[in-house]
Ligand SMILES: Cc1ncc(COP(=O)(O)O)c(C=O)c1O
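Just the one chain here, the form predicted alone, laid out as structure tokens.
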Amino acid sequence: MQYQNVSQLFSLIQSSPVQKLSTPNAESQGISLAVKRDDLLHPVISGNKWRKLKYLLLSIEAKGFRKVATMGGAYSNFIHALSYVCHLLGWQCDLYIRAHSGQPLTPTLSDCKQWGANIYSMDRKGFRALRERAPELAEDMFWISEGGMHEKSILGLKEIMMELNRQYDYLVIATATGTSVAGLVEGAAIYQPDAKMIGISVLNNAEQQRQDVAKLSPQAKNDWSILEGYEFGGFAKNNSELKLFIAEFYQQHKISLEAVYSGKSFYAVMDLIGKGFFAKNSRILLIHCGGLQGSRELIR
């Protein structure tokens, strides 16, 4: 089914529940632990990708654009979600992908191609150059920065805070660009004024993320931080310890994680609880980023 405008897509998105977790370490410290299941928003347009896209696409549509272009890796959750949305809307979608020309398509890119996206392979040098300067595009095509980093993108993240029916002491999410953290900080200022926002960096650029959060949310009132040390080598990298954690977490809680984003942030929280990082008797909300397609070998 094709949709005539972005607002029609809203009917596809289900509100996400909050699921309580129980672990021995948390219970021994009186810590209340829960997960905002944004992975359940939609089978494809899940997690913070939909949150980022919602108001950004409305803004693009209002400006009269029906063609978009963006950049990303071969397993990117953002390009996957964007390609699917463009397929539903009948928009043109051009993807500049960090990959060797002639390299077999990943499952992510195969989906994007099936949905009609145009895929352009970029070498490392060319891809890095796009981060500094967008490619030459037709006047009727809108360029979206890598990962959907845009001031309009943070508006959807703010809405997560509107959906919570209790107060938390800590809000935790995986972060690569800082966009999600910026949006959650702004939302928390209104709906969770006493909460501390913690972004778990999933790649080795925490300082850049801190700068970007400060730029996107210069008036942030809540305490926030970007924690390092849980990158597992860098973006999209992992090891047997992380994979084992993901497998055991699913067995215990029946929640699927992936090794790029939420797997790392959930691991970090469990590790930090064990180290006494969080105040005793505190309330912690982990926010699931969705995007399980990015590491399909780990999905049950």
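Note that the structure is a prediction, hence the values are computed from the model and not measured. Position 1 is the first residue in the sequence shown; the rest follow in order.
There is another form of this protein, the form predicted in complex with this ligand, and it is not shown here; the text below is about that form.
If you check in the predicted bound form, is residue 284 within 4.5 Å of this ligand, heavy atoms only? Looking in the predicted bound form, residue contacts with this ligand do not include residue 284, since no heavy atom lies within 4.5 Å.
Is there a heavy atom of residue 177 lying 4.5 Å or less from a heavy atom of this ligand in the predicted bound form? Yes - in the predicted bound form, heavy atoms of residue 177 and this ligand come within 4.5 Å of each other.
Evaluate residue 261 for contact with this ligand in the predicted bound form, applying a 4.5 angstroms cut-off between non-hydrogen atoms, and reply yes or no. Because a heavy atom of residue 261 falls inside 4.5 Å of this ligand in the predicted bound form, the answer is yes.
Report whether the minimum heavy atom distance between residue 51 and this ligand in the predicted bound form is within 4.5 Å. No.
Partner-proximal stretch of 269 to 277, 43 to 51, 242 to 250, 29 to 37 relative to this ligand in the predicted bound form, 4.5 angstroms, heavy atom: Among the listed stretches, the partner-contacting one is 43 to 51.
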